[in-house]
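Before any questions on how it binds or moves, here is one chain, the form predicted alone, in structure tokens.
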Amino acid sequence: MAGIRELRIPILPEEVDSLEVGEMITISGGVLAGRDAVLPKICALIEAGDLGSLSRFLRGGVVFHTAVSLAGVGPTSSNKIEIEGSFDVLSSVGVRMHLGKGSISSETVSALARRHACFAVIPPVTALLGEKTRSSKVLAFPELGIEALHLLEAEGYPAIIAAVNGRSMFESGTNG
């Protein structure tokens, strides 16, 4: 594991499968930004078969657990019920990476492995991420304000792979 791997969105299942826990990466491309207010709404659309044009942003996509405000973006805790509960559903339609902070359960680690998806932690450094965010626009649920679903154009967001292929940095011996 030498250097930092650069990933571009869309991310392919085989790219996820080749990642290792603890690997440092950068992410570039259209990152979806959403947290506990909007992710359950997206899951409800998926379950109703009513994603419409949002589906193109999910296939091979990255969901960053954050709100978007004038202060910038920074990760929120990914183990909140509304957020962690979205991992499997979002991964089932092609989301390849969930990006946030904090530990996730062994059940979620296993679900990610089944779906060829992963979880990466991102440093809570709003100033750095602001520098690496080229643009932001609301895609859905504008009534949620800063917690609406946004599309961020990222260039080199730094992260560390925390859970992939049934393994996690949060639990020893997790093998899926």
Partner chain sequence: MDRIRVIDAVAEALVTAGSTYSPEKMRAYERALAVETNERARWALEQIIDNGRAATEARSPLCDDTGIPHLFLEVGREHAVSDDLIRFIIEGVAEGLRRLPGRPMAVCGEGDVRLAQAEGMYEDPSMLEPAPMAVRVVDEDVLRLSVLMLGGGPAIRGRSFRVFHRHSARVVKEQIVEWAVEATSQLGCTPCTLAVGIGRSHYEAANLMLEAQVYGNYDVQSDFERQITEAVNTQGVGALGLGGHTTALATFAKIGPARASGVRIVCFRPCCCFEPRIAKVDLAEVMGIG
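The shown structure was predicted, so the numbers you read here are calculated from the model rather than taken from an experiment. Numbering follows the first chain given and starts at 1.
What comes next is about the form predicted together with its partner chain, which does not appear here.
K.L.:
Its partner chain in the predicted bound form: within 4.5 Å of a heavy atom of each of 44, 89 and 108?
P.N.:
The answer is no; none of 44, 89 and 108 reaches its partner chain.
K.L.:
Could you check which residue among 54, 113, 151, 67 gets a heavy atom within 4.5 Å of its partner chain in the predicted bound form?
P.N.:
Exactly one residue meets the criterion: 67.
K.L.:
My question is simply whether residue 123 lines the interface with its partner chain in the predicted bound form - judged by any non-hydrogen atom within 4.5 Å.
P.N.:
Residue 123 belongs to the contact set for its partner chain.
K.L.:
Can you tell me if residue 73 lies within 4.5 angstroms of its partner chain in the predicted bound form, counting non-hydrogen atoms only?
P.N.:
Yes.
K.L.:
Using 4.5 Å between non-hydrogen atoms, is residue 48 touching its partner chain in the predicted bound form?
P.N.:
So residue 48 does not count as contacting its partner chain.
K.L.:
Should residue 128 be counted as a contact of its partner chain in the predicted bound form, where contact means heavy atoms within 4.5 Å?
P.N.:
Taking the distances in the predicted bound form, the answer for residue 128 is yes, it comes within 4.5 Å of its partner chain.
K.L.:
Using a 4.5 Å cut-off on heavy atoms, which residues of 134-153 contact its partner chain in the predicted bound form?
P.N.:
In sequence order, 144, 146, 147 come within 4.5 Å of the partner.
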